[in-house]
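What follows is a single chain, given as structure tokens, in the form predicted on its own.
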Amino acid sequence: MSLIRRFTHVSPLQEYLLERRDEGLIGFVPTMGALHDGHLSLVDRALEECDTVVISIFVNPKQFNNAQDLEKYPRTIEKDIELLGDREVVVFHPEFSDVYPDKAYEVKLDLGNIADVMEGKFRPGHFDGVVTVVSRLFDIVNPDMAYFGEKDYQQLAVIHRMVEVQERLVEVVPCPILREESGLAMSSRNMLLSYEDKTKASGIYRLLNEAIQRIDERSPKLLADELRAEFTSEGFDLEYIDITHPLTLETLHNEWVDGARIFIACYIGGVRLIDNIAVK
């Protein structure tokens, strides 16, 4: 017998969660589906720390600025349910109209610099869509704790800022990046890669790791310039490389700071991949 409870509509989910609130903490893992071990690590962390765990599976069109990217995004709901196995969780997989009864629903916040750089620069409107859907899902689920992976590090910073601005009583829990044996960061988009492209993509982590071995001899600007040249020479279709402050996400030029991070976005075989690594 499956331990998974499935809901597609808001009211029945909220009625169930109202009953569960007396039992303890409610944890929430928002996803766009096409689940992998990275997602499962968030779910397992939530199960360790909370009494009820909700995982949402919803491909949010409002955060895509590229119609082809939205169309190609994998949708594998039954496989996702199967992958969750015997975990005792609540799965919320709504239709667009369940999440947005008002099609024009939108949340606009002053997020500052963190939403303007990197992903914000190259994917206009992306973080408006992220804030809109996460805010709406938080309203629906009303979680005590919400779990996000550090692979989408900038998104995590945006969610922290959103919670602060909206004065929400939810703890945002960052979780480490999970990687495949090759070092490639786990991502739903990886399933769109051919075998050859996936092998090539493993070079992302290799080059990032090699770069952090050189920080004692390079300024952030020089290292970023070297990385751009290295990725380009290995045939990556590079969108950006940036080395930033871990909290403000401001680009570092001459001086290193504790916890600085290197970010990359690139295309391989037409598939957009992102990754980041902390400089220690």
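Numbering starts at 1 and follows the sequence shown. Everything numeric in this text was worked out from a predicted model, so none of it was measured.
Heads up, the form predicted in complex with a small molecule isn't pictured, but that's what we're talking about next.
Only one of Arg123, Arg161, Arg136, Lys151 lies close to the small molecule in the model of the complex, with a heavy atom inside 4.5 Å, and it is Lys151. Residue Leu178 is the only one of Leu178, Val107, Ile81, Val170 with a heavy atom lying within 4.5 Å of the small molecule in the model of the complex. Look at 229 to 237, 246 to 254, 213 to 221, 24 to 32: in the model of the complex, residues with non-hydrogen atoms within 4.5 angstroms of the small molecule sit in 24 to 32. Taking the partner from elsewhere, Leu42 is found to have a heavy atom lying within 4.5 Å of the small molecule in the model of the complex.
By the criterion of a heavy atom within 4.5 Å, Gln155 is counted among the residues contacting the small molecule in the model of the complex. Remark: Tyr73 counts among the residues lining the small molecule in the model of the complex, judged by a heavy atom distance of 4.5 Å or less. The small molecule is not drawn, but in the model of the complex it has a heavy atom within 4.5 Å of Met186.
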